[in-house]
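We've got the same protein chain twice here, in two forms, each standing alone as structure tokens: structure 1 and structure 2.
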Structure 1
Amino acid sequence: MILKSQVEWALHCCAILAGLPEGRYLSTKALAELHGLPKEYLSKALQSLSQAALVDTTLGPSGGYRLARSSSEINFLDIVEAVEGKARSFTCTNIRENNPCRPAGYCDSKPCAVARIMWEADEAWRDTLRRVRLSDLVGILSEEVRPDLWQSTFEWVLKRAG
């Protein structure tokens, strides 16, 4: 059970977009260069964010991406689910139906305990991600990243933001 690397990419890109001045856009090309990622493939992750309405886009030179809402109104789960999908990690294949002792026509009223417990754990994972806002991440990064690196990155981004 491993998350796609696109999840990491999307989270980092959103953190960068959160630092953009009002109304500016940043292109896939810039985001790919900044993170050292394949531009074409990163583009797929950004398209996922776009489809989830987390970011706004615009075309043409000086086009690119910006957050669709304030960074305090976007949480980790929004981003992770946009890329990874909303499906639960445990999928029930209903193997209890294969029990040879099962009476013909027997119909289970509800999902069995195994599935419910696994889904509960899944929900705990989602809850944790839901509680962390993108703005929280930016706050932590701004404290932890070395100030000179933080500032030079910021300048690098602004130079390329349309």
Structure 2
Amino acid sequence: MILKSQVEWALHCCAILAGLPEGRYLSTKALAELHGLPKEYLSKALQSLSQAALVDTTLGPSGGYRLARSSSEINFLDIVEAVEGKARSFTCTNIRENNPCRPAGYCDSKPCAVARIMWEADEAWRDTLRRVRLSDLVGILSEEVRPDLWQSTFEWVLKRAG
């Protein structure tokens, strides 16, 4: 399974937005600059988050994005599905029906084993993402990122937040 690069971008942007003070917004330009991404492409990922009601947007010179809910109420799956959609990662095309040894008109009683295993794996992956909240990520980052880098990044963001 290969996810769009926009999933990574959306997750990183949401982590940054989780640190914004109440009522402040961060522009697409600032988020793109912080992550070294093309603003036009990042905008599409942010629009997906907005359409999924994960971020609020406002226009104007102080405009931009902020989380629509608390970081403890948004999980990784919410963000992934906002960008990628909710479709299963595996689609069974039932190629077993092409077996020339199958009797004509034979009807299987259940989906094929390959599909069932792949669907189970997909659901396990989604369960894992569903359990990890954005606030969990922020907690991990606060422990793993050097304190001086954490502080300077936060200050950089606040200078640009509207």
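Just so we're clear, the structure is a prediction, and the values are computed from it rather than from any experiment. By rigid core we mean the largest C-alpha set that fits within 1.5 Å across both forms. Every residue number counts along structure 1's sequence, beginning with 1.
Here, the chain labelled structure 2 is taken from the form predicted on its own. With the core held fixed between structure 1 and structure 2, Gly36 has its Cα displaced by under 2 Å. Annotation for Arg133: C-alpha shift under 2 angstroms between structure 1 and structure 2, rigid core superposed. Once the cores line up, the CA of Arg69 ends up less than 2 angstroms apart between structure 1 and structure 2.
Superposing the two forms on their core, we find that the Cα atom of Asn94 is displaced by 3.1 Å between structure 1 and structure 2.
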